[in-house]
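The chain that follows stands alone, in the form predicted on its own, written as structure tokens.
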Amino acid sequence: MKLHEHQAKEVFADAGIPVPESRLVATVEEAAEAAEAVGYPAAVKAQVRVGGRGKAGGIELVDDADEARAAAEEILGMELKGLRVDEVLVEAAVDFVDELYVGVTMDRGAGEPVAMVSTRGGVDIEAVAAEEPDAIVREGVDPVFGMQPYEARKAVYEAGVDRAVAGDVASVVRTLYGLWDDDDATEIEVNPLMVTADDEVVAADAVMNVDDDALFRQPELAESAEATDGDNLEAKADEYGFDYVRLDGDVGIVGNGAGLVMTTLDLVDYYGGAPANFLDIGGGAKAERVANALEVVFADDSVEAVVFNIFGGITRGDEVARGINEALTQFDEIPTPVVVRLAGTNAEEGMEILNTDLVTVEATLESAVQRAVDYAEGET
């Protein structure tokens, strides 16, 4: 479960992490009033549970009431990666001299939590991790003992954080670890953690994801999320009975079986693409179920191509093919190219049945994934 930025900041503020003054609003006039209250310059920020809001036009800096109205009018009602923006956070802008990154997640390879610190805040931290892994200092934490003060200081000093603020940054790191542990978080981060000219640190953004299976232990967090779920695609997928996880790429993935879908995700990454989702359609592939899966995937505006990876076991390949054909004919317009690979029982018959006016048919999983990645990149 992903918290909205304003929800995560409330959690952070309650724990003692400094955050900018802000107001959550739902109308243009409320945004103008909020901007006057927090002072200028101010930031008007879309409140949806996706990353990359700034690049998508979901964050605007404003210097007066007219600009606040214009920004709110533009952002409210817009769609970011398939999610409608119904609220904006109007927040006092931070006059900063430096931007840091701090976060806590689970290192599955090491089998322990890991705290991360970097002086490369304010940018895509995933890109930094891929291109300059040494720019992020990682400090493993023994969950039995929790994060000790010396561990937080060690990570901060090794990252090269200015000593004038190192103590405060270390305190933020320890607080984040405490929240990660106490609130059953899977990921928690501040990017950027801004440093002001007065050597103060302020959380200008906030990310907090909570383990769905632990929500029974976090009733307050669960209640706040339920009140603002809106048209969340994961909620829609759950309504249809799919196992679905939204990701940040542009290649939509549909398969029948978790292992099959995971293999497809890995191959998309291997061939240079980026998966947009994990969607396990489960057993059977009748037209209605296929159509529901496509409805979920097509609703994600970031999806540029879709790959079906279906293995026919008890459900025969020819039945799957008929289901895909019938499902696609229900759409007035197919918004993105669809690539299909069938294997297993009656796969050859199914490949022959598939309507090639509606889908691209590939004989192997590798070629299907490559074709979908090419489509997503605008190649034919």
Partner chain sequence: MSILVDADSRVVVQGITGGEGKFHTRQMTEYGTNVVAGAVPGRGGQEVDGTPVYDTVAGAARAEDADTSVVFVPPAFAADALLEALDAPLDLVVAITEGIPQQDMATVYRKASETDTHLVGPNCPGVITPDEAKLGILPGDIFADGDVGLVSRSGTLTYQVVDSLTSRGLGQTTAVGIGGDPIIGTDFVDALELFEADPDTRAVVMCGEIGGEDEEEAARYIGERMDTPVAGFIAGRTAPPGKRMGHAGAIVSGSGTGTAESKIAALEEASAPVGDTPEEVVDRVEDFL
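Take the two forms, superpose them, and find the largest set of C-alpha atoms that agree within 1.5 Å; that set is the rigid core. Just so we're clear, the structure is a prediction, and the values are computed from it rather than from any experiment. Numbering follows the first chain given and starts at 1.
Missing here is the form predicted in complex with its partner chain; even so, the following discussion is about that form.
Within 4.5 Å of its partner chain in the predicted complex, a heavy atom is found for none of 22, 33 and 96. Stretch 260 to 268 is the answer when you ask which of 196 to 204, 260 to 268, 292 to 300, 86 to 94 has residues with heavy atoms within 4.5 Å of its partner chain in the predicted complex. Taking a 4.5 Å heavy atom cutoff to its partner chain in the predicted complex, the contact residue among 109, 77, 219, 241 is 109.
At the 4.5 Å threshold, heavy atoms of residue 341 reach its partner chain in the predicted complex.
Taking non-hydrogen atoms only, residue 322 never approaches its partner chain to within 4.5 angstroms in the predicted complex. Taking the partner from elsewhere, residue 148 is found to have a heavy atom lying within 4.5 Å of its partner chain in the predicted complex. Interface residue remark: residue 101 is not counted as part of the site for its partner chain in the predicted complex, having no heavy atom within 4.5 Å. Along 128 to 161, a non-hydrogen atom within 4.5 Å of its partner chain in the predicted complex is carried by 139, 142, 143, 144, 145, 148, 149, 150, 153, 154, 157, 158, in order along the sequence. After superposition on the rigid core, displacement of the C-alpha of residue 123 between this form and the one not shown stays below 2 Å.
After superposition on the rigid core, the Cα atom of residue 192 is displaced by less than 2 Å between this form and the one not shown.
A displacement of 2 angstroms or greater separates the C-alpha positions of residue 246 between this form and the one not shown, with the rigid core held in common.
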